[in-house]
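Before any questions on binding or motion, here is one chain by itself as structure tokens, the form predicted alone.
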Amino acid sequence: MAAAIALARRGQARTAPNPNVGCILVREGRVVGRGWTQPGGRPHAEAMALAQAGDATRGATAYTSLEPCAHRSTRGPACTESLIAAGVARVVSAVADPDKRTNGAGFSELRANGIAVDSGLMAQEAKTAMAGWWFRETHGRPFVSLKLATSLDGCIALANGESRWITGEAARAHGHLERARANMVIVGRGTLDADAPRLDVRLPGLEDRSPRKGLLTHGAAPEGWEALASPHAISDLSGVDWILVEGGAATAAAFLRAGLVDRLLLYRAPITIGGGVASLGDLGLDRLDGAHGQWQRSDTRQLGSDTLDIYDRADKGL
């Protein structure tokens, strides 16, 4: 299942409106097929794995990071139908599909056709891997990551506004990788006017993964940008399940105040600035105890001389 979930991550931010799913087919202790949802949502992971396995599907076990779909589509057959036709003997899924068109129906159809079904294996990990789609299905909005690149004393720029570059090359490359995993990157008007950011992906081989550009503003957005009047406007975006907010301080604070940040990426450079631009605007707190218990650190890594700490909301919503 861990391998299937890893395959699912290959499709992150590429499969809307479908979930990014992974599938592994195993027969007699040997992997005979692998698949993950392709860009645009088709073919599905199961279809890819079945095509690779060929005749070896008979009697195989399918490990899927999500319940196989049971509803028919003009874009292709239901995965339950394909698994039944292929002669798969057992299906192990991480989690049931929250989409009401399939929810439980996929498992029921498989069982009705003599296929053994198990579910619940590594469910949390699977939901995390497809958090963008999962949030869209269950919360009606995209999954939001907030990126902050700061000095040790929490500044994002000098007092005069200079901010290039606080972090080093390795941290900036990781930031580009995060962009490649998003459907949209959002900044505020101040960041647009001060830095004229390109917000593209400049990693070799991933240039085509540059996300859409969102601007938090009460006015109009320039050509090539999409205006968002408030953080809550992300719920109305079509084809956007994964969002990366890159700044500045007012925009970061606006998303935090709205309760719309699910993941924090805190890049810290081993420098002190003092008297610089703070990384966050006012969050509206009137008591310090209101700041506690909201975040849990899930990962720490060294990126050159910089440190990246990743925090998830304490109530992940998954």
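Position 1 is the first residue in the sequence shown; the rest follow in order. What you see is a predicted model; the values in this text were computed from it and never measured.
Another form, the form predicted in complex with a further copy of the same chain, is not on view; read the next lines as being about it.
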**Report entry** Candidate from Ala258, Leu283, Ala51, Val31 lying within 4.5 Å of a further copy of the same chain in the predicted bound form - any heavy atom
**Finding:** Leu283
Requested in this report: Check, residue by residue, if Arg10, Gly87 and Asn113 all come within 4.5 Å of a further copy of the same chain in the predicted bound form, counting heavy atoms only.
Outcome: no
Query raised in the report: Does Ala47 reach a further copy of the same chain in the predicted bound form if we count a contact as any heavy atom within 4.5 Å?
Result: no
Query raised in the report: According to a 4.5 angstroms non-hydrogen atom cut-off, is Ser279 in contact with a further copy of the same chain in the predicted bound form?
Result: yes
Query - Heavy atom of Arg268 within 4.5 Å of a further copy of the same chain in the predicted bound form - result: yes
Query raised in the report: With the partner left out of view, is Arg198 within 4.5 angstroms of a further copy of the same chain in the predicted bound form by any non-hydrogen atom?
Result: no
Query raised in the report: in the predicted bound form, which of 259-267, 22-30, 61-69, 39-47 comes within 4.5 Å of a further copy of the same chain (heavy atoms)?
Result: 259-267
Query raised in the report: What are the residues of 135-160, in order along the chain, with a heavy atom within 4.5 Å of a further copy of the same chain in the predicted bound form?
Result: Leu152, Asp153, Gly154, Leu158, Asn160
